Each structure stands twice: as C-alpha cells, then as structure tokens.
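This document opens with one chain alone, in structure tokens, the form predicted alone.
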C-alpha cells in the first residue's frame, strides 16, 4: 500500500482574518445570565462583522512561537462529539505538511476511536500476537516505541487504542499519574510532535494526557455548549497546572462545526472567559469531515480546498512555524 504524501494547501484556500481585538469579549459577562440580558448584549454586535468566522489571537501572544526539540499536545474535552479526534487528525496532518513528523496517541477506548475506524495502524508483516497498543504501554508491558506504527500518511504515526484500554481507568496497576509522560520521555522515536487524543471523560486517561502534555487544545462543538461540563474541564486543567504539570499551557480552543450565529458568539465568549490565554479558532462546518474516516485519510488529503482544512492549517501555522523556518 502506497503512502499518502501531504503538502501545502493550494493558494485558493479560504483563509480567516486573524484579529487581536474581538467584540465577542463584550459577551463574556452575560454568558449564563437571563435571556433578556444576553439578547440585549447580542443586539449591540454587528452580525456580519463581529460574529463571522475569524481567528482570535490574544495580543500578548507571539505567533508562531519558536519551536525546538519535541512538543506534546493533548486534545481534551469530556463531552462526546466535541471534535477532539477531528482536531487531533487535522492538526497532525497540517504539521506533517509543514515538514514535521507527528505521532498521535489514541487514548480513547471506544470501539469507534481514532485508530479503530479512521487512521488505522499499518501492521504489515506483524503477527497479531506481536501487535501492541496503548494498553500495553500503560500497564508497563511495552515501551511506547513498540506500540507506534505507520499510518497511510507519510510522516504520521499512530499509537492504537482498543476496548481493553478501558480497564486502565479502574485498574490500579495501570495509568498511574504521570505514566504516559514517562513513556513519552523515554521514547527514542524520531518524532517532532506528539498529539494525545483524550477520551470523552475526565478520568485517569485524560489526566495522564494533561500531565504528559506541554500544551492543551480544547475543542468545543458550536451548538453543544454545556456550561457545567466546560466549568469542570476548566477546573481540571487548572488543577493539573497547579499540581502535577505547572508548565502546562492552554494553547488553543477550537469551535468545531462553526457556523455564523449568535450562539457561536456565546460559545466564543465562554471560551474566552475560561481560557483567556488561548487562541480561539473556528473550524467551519464541512460534510467531508464525516466522510474522511471512510477513506482512512485526513480531510486535508481528500478536500485540500475545504474550509475545515484551511481553518486547521491556519491554526497549525499560528501554533508552530514551518519546520526549518528561520526564527
């Protein structure tokens, strides 16, 4: 099976405006308040100007930041359907196209996980009994590199999950706090970036991802704003920052399935309130996202001109420079 090679997007890609002043900030104080108060605040915004898709970068950030060595990201949200897996795959694909070698760790034990239906590991010539997963790593049976496999995309590697990974959540022998961080630090695989696709729960696996990561990406589906869930996620991230991983940074929050609406403005305001240090990025709705898994490829490889592809590419370039680019 030949490998798919990813490269730069065509010049016709639909790019977003990058702003450092955002009128959405005017909504922060009314999120969760009475409908009349929210509607009054929304009425002060210009629909076509203030609520359109645009990338917000906090003015104190320098983008892209200088990159050296190896960086670990975790995509986390305890709500299912938030767009974590799509975000992990499309950021990985964008960084591969920028020259990086990327490893994605599938930490979701669901049957329909990333490595179960989308970016399948290539086990060419490896007997089934000799194939390893993240479960083996977290139980200490194998080092991370022994569970790292090629995918159909050149430069993109996967650490597969599996339903048995669910046992790590309750088995005291597995996934002790920091065990995934230790496994990543011991890895000698020549990868530039590791992305952890966390499960839709704030259990041991997600906590391990937060402890292991340098930076967090929070995907949140527009139209599925669960304020309590967002508050719980915010508290969990801040607790990990205070205790186990003080260097952890919330790098970006992604509004997935974005459409231009007042509700999208409220989602953006909630993310600005909880993660003021983060880039806020829309990922515009595109039907090709759902179809990509059927082909075992990122959306980027199938629809290089899609708005979703362009949005993740632009976010990837704000987070990291093209590999080898002069500082």
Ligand SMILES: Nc1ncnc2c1ncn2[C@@H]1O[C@H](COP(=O)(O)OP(=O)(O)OP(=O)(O)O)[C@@H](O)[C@H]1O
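This structure is a prediction, so every number in the text was calculated from the model and none was measured. Positions refer to the first chain, counted from 1.
There is another form of this protein, the form predicted together with the named molecule, and it is not shown here; the text below is about that form.
In the predicted bound form, none of the heavy atoms of residue 140 sits within 4.5 Å of a heavy atom of the named molecule.
Remark: residue 121 does not count among the residues lining the named molecule in the predicted bound form, judged by a heavy atom distance of 4.5 Å or less. In the predicted bound form, the named molecule stays beyond 4.5 Å of every heavy atom belonging to residue 155. In the predicted bound form, residue 285 approaches the named molecule with a heavy atom inside 4.5 Å. Annotated contact segment (heavy atom within 4.5 Å of the named molecule in the predicted bound form): 74-82, selected among 244-252, 74-82, 205-213, 182-190. Note on the partner interface in the predicted bound form: the residue among 162, 178, 200, 223 having a heavy atom within 4.5 angstroms of the named molecule is 200. Exactly one listed residue, out of 135, 115, 194, 257, brings a non-hydrogen atom to within 4.5 Å of the named molecule in the predicted bound form: 257.
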